[in-house]
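What follows is one chain in structure tokens, specifically the form predicted on its own.
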Amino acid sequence: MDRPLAFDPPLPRQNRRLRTAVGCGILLAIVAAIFVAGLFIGNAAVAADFAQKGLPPSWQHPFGTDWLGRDMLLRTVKGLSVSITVGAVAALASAVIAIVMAALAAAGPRWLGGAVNWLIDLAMGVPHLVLLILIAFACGRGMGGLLLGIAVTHWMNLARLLRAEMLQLRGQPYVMVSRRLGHSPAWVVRRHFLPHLLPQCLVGLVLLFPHAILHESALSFLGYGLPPEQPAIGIILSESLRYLTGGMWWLAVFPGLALVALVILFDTLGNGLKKLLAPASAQE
């Protein structure tokens, strides 16, 4: 009888990494499905139908209908699609600002690094929601002010993390040789820093989504975000408050739970990508 091999591959670790990758793929597929479904839901699907107004949850209307007879499931999916769009644009803008600020602080002169650190501390000292309201109000509310406010107020933590990583890379021998050869700071950042920081940027971008979505919903709920005719989750929750005392609890419960589920989904996706891309856990 043949003896078993003395070395067997660590199947449990490989399976754990494979399960994490499959889980991230499933979560991405769910997000894509919600986004695409929201795009295909037209205005006719959420039009008023007074013959169906105020219906509780049923098989025909799983989330019930509102005071105008609109199907709440369709409105919720369309609102989640809007939240994903706003979160994607705002998170991408915040990530770009964070990369630029971190590069200026790490590769620029000493006074510029101090100025960036002071700006980060100043921005982090102001509550996000207060600063968001001020920016949105100054920009006349609407989509533009909302995106600008979220982008300006969500880059600080990622910039601080990337700056610390760039400062560690700045002391590496190959970076010092590039500087001695006369390469510009922009060339060093583009060729040496950014390739190493791509995993951190990707994970940070995904983890910015929950914050952007929650703050978009909060601003829309308070009336400083998207216009009232937009089927966003914050607007749906704001409109449902006046009908809760009449027993129409489903108007707020199901959209609120859907928003929480979407935020948890993005948070889980970001943590999964962190496990896959972080050097300390990439081989687990």
Partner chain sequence: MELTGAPTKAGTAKRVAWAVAKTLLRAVSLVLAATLVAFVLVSLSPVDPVQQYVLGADAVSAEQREAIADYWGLDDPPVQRYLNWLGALLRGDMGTSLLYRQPVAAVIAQRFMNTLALMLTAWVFSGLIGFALGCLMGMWQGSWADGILRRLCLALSSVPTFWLGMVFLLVFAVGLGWFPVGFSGPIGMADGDVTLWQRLHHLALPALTLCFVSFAGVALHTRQKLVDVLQTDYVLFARARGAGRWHILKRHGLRNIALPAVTLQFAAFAELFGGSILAENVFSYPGLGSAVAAAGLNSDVPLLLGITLVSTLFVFTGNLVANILTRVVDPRTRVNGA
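From a predicted model like this one, the values you see are computed outputs, not experimental measurements. Residue numbers count along the first chain shown, from 1.
Here the subject shifts to the form predicted together with the partner chain, a form of this protein not shown in this document.
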Segment assignment from 127 to 135, 104 to 112, 71 to 79, 185 to 193: heavy atom within 4.5 Å of the partner chain in the model of the complex: 127 to 135
query: So in the model of the complex, does Leu207 come within 4.5 Å of the partner chain, heavy atom to heavy atom?
result: no
message: When the contact criterion is heavy atoms within 4.5 Å, does Ala151 count as touching the partner chain in the model of the complex?
response: no
message: I'd like to know whether Thr245 contacts the partner chain in the model of the complex, with contact meaning heavy atoms within 4.5 angstroms.
response: yes
query: Would Gln172 count as touching the partner chain in the model of the complex under a 4.5 Å heavy atom rule?
result: no
statement: If we test each of Ala47, Leu39, Ala33, Leu241 for a heavy atom within 4.5 Å of the partner chain in the model of the complex, the one that passes is Leu241
- prompt: Check Ser217, Val253 and Val263: does every one of them have a heavy atom within 4.5 Å of the partner chain in the model of the complex?
  reply: yes
query: Using a 4.5 Å cut-off on heavy atoms, which residues of 209 to 227 contact the partner chain in the model of the complex?
result: Leu214, Ser217, Ala218, Phe221, Leu222, Gly223, Tyr224
